[in-house]
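We begin with a single chain expressed as structure tokens, specifically the form predicted on its own.
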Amino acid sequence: MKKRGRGIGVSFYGTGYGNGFPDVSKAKVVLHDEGKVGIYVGGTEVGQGAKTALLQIGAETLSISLEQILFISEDTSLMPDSGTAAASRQTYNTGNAVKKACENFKDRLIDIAKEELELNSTHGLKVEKGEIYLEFFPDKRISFKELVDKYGDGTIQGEGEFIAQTVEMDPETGQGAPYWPYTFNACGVELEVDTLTGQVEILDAVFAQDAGKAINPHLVEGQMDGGFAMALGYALFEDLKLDKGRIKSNKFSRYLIPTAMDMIDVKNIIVEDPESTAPYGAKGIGEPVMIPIAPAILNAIYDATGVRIKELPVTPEKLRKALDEANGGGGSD
């Protein structure tokens, strides 16, 4: 017999290392030949789209196109440390560092332009599209290229540093503010359980993720799809089969992971509530996108069968055994 069930899972997740641990990101911005702007950060790209998000933050702050930016990362001989690609921290932490570095770089450009344009103040000077100009008298302007031609490649720079605010928890009371900011999400799943075989089939799903402000909505949706797929494997497929400390599923022919054929078209909903301390309101969502999926699946299985599963993954064998035990060993109804 096949039974349908629906379940919901919700979660919240803190950004960064947390619990008072030093969480620092640094960035550097440099004016290069042809007026190109180099953004240097030590943040590693591991497929989460960090480079794209940081590049967009830099372009927005400097009011230039992406094509005008040289993005240099991961070479510690060229740039300051931006911390690990972990704890869902790169967009928030390093994004803030990039924004600060770009703002300081703009201030440096404006100070130099004031002298070059023989102005008596920096008031009214604006940086946009690779030029610095006097907003109320646009004829007074100078380009990034003109500046680098005069001052030399790499001479004009700006640096930025961001230190996340966390509070160590009181070891006695467990109270504190270990993380900031937090991101929130919810997932709803509809599935079908074959009570004869123990097979679970996901039929439909909706996933809402708080992103603060989505710097790149396509990347956010990609993260959500990836998190759902990973959690689907965690919940239903990926069984190490540990036996006295030894892994029996030691090859992919035995250790099953979801493929594209196992995924469904999840309805993704990006919730935007900009975070005031974040770069343009953006929060990190790298790890949180996996958390509510398995609880939603387990709740849906319970809704369908009345059986509460407390061990993952929910393989057909485990579910059949649980159903038999719930029916007093008499098999499925």
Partner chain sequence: MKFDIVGKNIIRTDAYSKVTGKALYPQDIYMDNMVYGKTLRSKLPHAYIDIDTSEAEKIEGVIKIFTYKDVPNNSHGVVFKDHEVFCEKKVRRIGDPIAFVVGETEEVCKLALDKIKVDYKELEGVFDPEIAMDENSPKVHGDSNIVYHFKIRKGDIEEGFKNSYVIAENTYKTHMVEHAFLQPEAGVSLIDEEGRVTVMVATQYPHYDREEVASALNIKEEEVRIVNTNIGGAFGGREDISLQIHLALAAYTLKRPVKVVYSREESFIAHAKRHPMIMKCKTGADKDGKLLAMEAEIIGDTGAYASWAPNVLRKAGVHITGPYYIPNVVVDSYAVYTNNPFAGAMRGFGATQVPIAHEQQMDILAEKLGMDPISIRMINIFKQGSVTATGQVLTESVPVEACIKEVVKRMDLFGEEGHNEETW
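Numbering follows the first chain given and starts at 1. None of these values were measured; they are calculated from a predicted model.
Another form exists, predicted in complex with the partner chain; not displayed. Remarks below refer to it.
- Heavy atoms within 4.5 Å of the partner chain in the model of the complex are found in one stretch of 172-180, 156-164, 105-113, 119-127, which is 172-180.
- The shortest heavy atom separation between residue 135 and the partner chain in the model of the complex exceeds 4.5 Å.
- None of the heavy atoms of residue 322 is located within 4.5 Å of the partner chain in the model of the complex.
- Though the partner is left out of this view, residue 74 does reach within 4.5 Å of the partner chain in the model of the complex, counting heavy atoms only.
- Of the heavy atoms in residue 143, none are within 4.5 Å of the partner chain in the model of the complex.
- Taking the partner chain as it sits in the model of the complex, the stretch 250-265 comes within 4.5 angstroms of it through a non-hydrogen atom at 250, 251, 252, 255, 257.
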